[in-house]
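Each of the two blocks below gives one form of the same protein chain as structure tokens; they are labelled structure 1 and structure 2.
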Structure 1
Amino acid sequence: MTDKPLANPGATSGSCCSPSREPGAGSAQAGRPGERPGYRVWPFVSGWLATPVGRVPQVKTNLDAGDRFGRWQMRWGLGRQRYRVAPGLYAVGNPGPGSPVLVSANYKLSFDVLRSNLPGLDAWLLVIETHGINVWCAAGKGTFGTAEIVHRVAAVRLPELIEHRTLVVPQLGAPGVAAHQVARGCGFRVVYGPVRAADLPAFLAAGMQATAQMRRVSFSTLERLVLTPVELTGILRTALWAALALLFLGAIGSGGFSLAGALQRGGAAILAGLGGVFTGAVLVPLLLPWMPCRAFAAKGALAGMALAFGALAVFGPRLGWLNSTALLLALPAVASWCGMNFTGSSTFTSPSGVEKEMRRAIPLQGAALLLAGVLWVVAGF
């Protein structure tokens, strides 16, 4: 998907689709309105709204099959870095000078969630450049912030388009936005909207007043489960190399280098590793509220330990003490590392807390894996 949907084509002079530069010879003669050679209009653009600052793309509020497939891809981390829309101004319905201005990130998943919750409303969507990162993460990274909002307001010539001076900024973007500096930089007052886009219609209908529930961040089982596929995808990419190493090392034993050893010992080690990955990346998020300890790494280690003891109860007599000890060390270490990865997806960790946990946990995880590897290799002789 291209990130050049001709967003806000008339907002800046020299824009690729400015009304002052209507397509001429060589331009697209058929197809969707606004199409030009080398560019493609996103399917979510339903038309173009003529405004004093140029034509603004009107977007649909319903999601089509392509949008839903794209969301599925993002849940699995496929093409994540390319899933963005062009920053600029968009219109929902037929907004006018008094319509609200809703600020969002240019991560298309965020953009889709926003527009799909605005059926029947007339509003402007001010999409700022966050380099394809969602509002919350971008606010933490500094790309959803004061300077970009001030810049984007000027770039789309917003003061010439609307008569009020209010921007509705997502509450989750607040860590990156200094409202008083936005007012000083562009003259617009920042009003923080609800956490969820689904509450925007009620928020706007109430005169931009949020209820306590609208300010609350939830993290339900389903919300945690939705995040696990992308965790698995990211981890398994790395795990592929580890699996190859295990197959190679598993082939080395008292009988020399053998394919049977690679399949038996290496295969068993890979299964144990996958068990640790599944425990840390799936079970820990699912059981998060009920697991003891505050640190995610500790939660993962405990879950991995439970799984390791369960495996030993079934296979222990056939493993011997070296392999059994290696399993007790390796499986909790893998689960601990995978569980720790989920800190970035949670709603209640801070960057400084995550860094502190990683500094403590990673050396222990590495030492446990190293010792487990040595014991496992020795057990082959």
Structure 2
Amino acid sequence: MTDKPLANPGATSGSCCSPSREPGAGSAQAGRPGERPGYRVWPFVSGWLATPVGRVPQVKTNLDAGDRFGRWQMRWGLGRQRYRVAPGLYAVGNPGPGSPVLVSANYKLSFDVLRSNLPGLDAWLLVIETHGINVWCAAGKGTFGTAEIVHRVAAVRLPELIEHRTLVVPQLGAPGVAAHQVARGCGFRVVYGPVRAADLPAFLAAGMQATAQMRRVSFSTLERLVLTPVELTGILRTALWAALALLFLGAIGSGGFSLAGALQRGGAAILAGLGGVFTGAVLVPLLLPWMPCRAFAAKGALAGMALAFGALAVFGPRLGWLNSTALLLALPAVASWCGMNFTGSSTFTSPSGVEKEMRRAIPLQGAALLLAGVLWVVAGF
């Protein structure tokens, strides 16, 4: 992959994902339009637009099976960590010198969401290099930022192509972009677009005016739901090691080191741990607005407690008081930890707040887990 900015996306096939050789034999092309030896054209490119600054790839506004599969992979953490398209200029429909310029990150999913919300519109997409990170996270890091926008505007020779001097930047990019400095740096005025790409057509139709509703971030049940797989897969990777440790510890008991103990006691402990993970990483996000307490760690602990009491009501008599107490401590602790981790995905938690709740919660979680572990191991004898 090349990180080299594509100064002339039209002439160098800006939408190719993996140029493995130097271009050059461009005229010897056969087959599909735009194809060059050593390059592969993304399936979302429908054609090429001849412009004064070279050929610009025209992109489709519908998502195909490959795009959907890519999104599914990312949601479940199976894909590559970075899923990027080449930065540069793209066209939707048949834009001209007066068409709006929409700025986007080069994270493939952001790019897909943007283009799929633009059917029937004529616009330029200025994709900037955020190293395959979405707008919000990249803005927080500053890679979706003033300097990169100023650089990219010059690199694609935007002033030669466009009559107006306005860039539509997604509002969620604002933490990294200083509008007044972009204007100073490249002469383009930044207009912040709506938070959701779905509102872009209405925003453009209204003469680049966003309603108050378009400016607010939401965190609907669906938005929270799509985040849980990533949350879950991330945690389960670490949980694998914990599971191995539990199997090993479960094997130690009054009967010495036994396989039966590993399966029975270790298995039960793993189930309790998984219950905690599920509670913290799935139930807490889903039930977020309806749970008491504001701290995520507390929400997780409460939900974990509820589940632990439920489990005791069913299995309690067979467990004995040592195991029961261990369960009552461990499950809420794990749920609390996982719930706390969801703050990173939420759209309304502040770093100062997260740090505050972590300072309080982590010692408690650690102590509860340690005590639970001791009780549980002792119960084996």
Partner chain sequence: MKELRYLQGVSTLTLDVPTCIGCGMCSLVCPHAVFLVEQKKALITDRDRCMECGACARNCPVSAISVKAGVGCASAIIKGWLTGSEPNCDCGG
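Residue numbering: sequential along structure 1, first residue numbered 1. Rigid core here is just the name for the largest C-alpha set that superposes within 1.5 Å across the two forms. Since the structure is predicted, the reported quantities are computational estimates derived from the model, not experimental observations.
- The chain appears twice here, and it is structure 1 that represents the form predicted alone.
- Shown in the overlay between structure 1 and structure 2, fitted on the rigid core, is a CA shift at Arg68 smaller than 2 Å.
- The rigid-core alignment places the CA of Pro351 2 Å or more apart between structure 1 and structure 2.
- Relative to the superposed core, Arg360 has its Cα moved 2.7 Å between structure 1 and structure 2.
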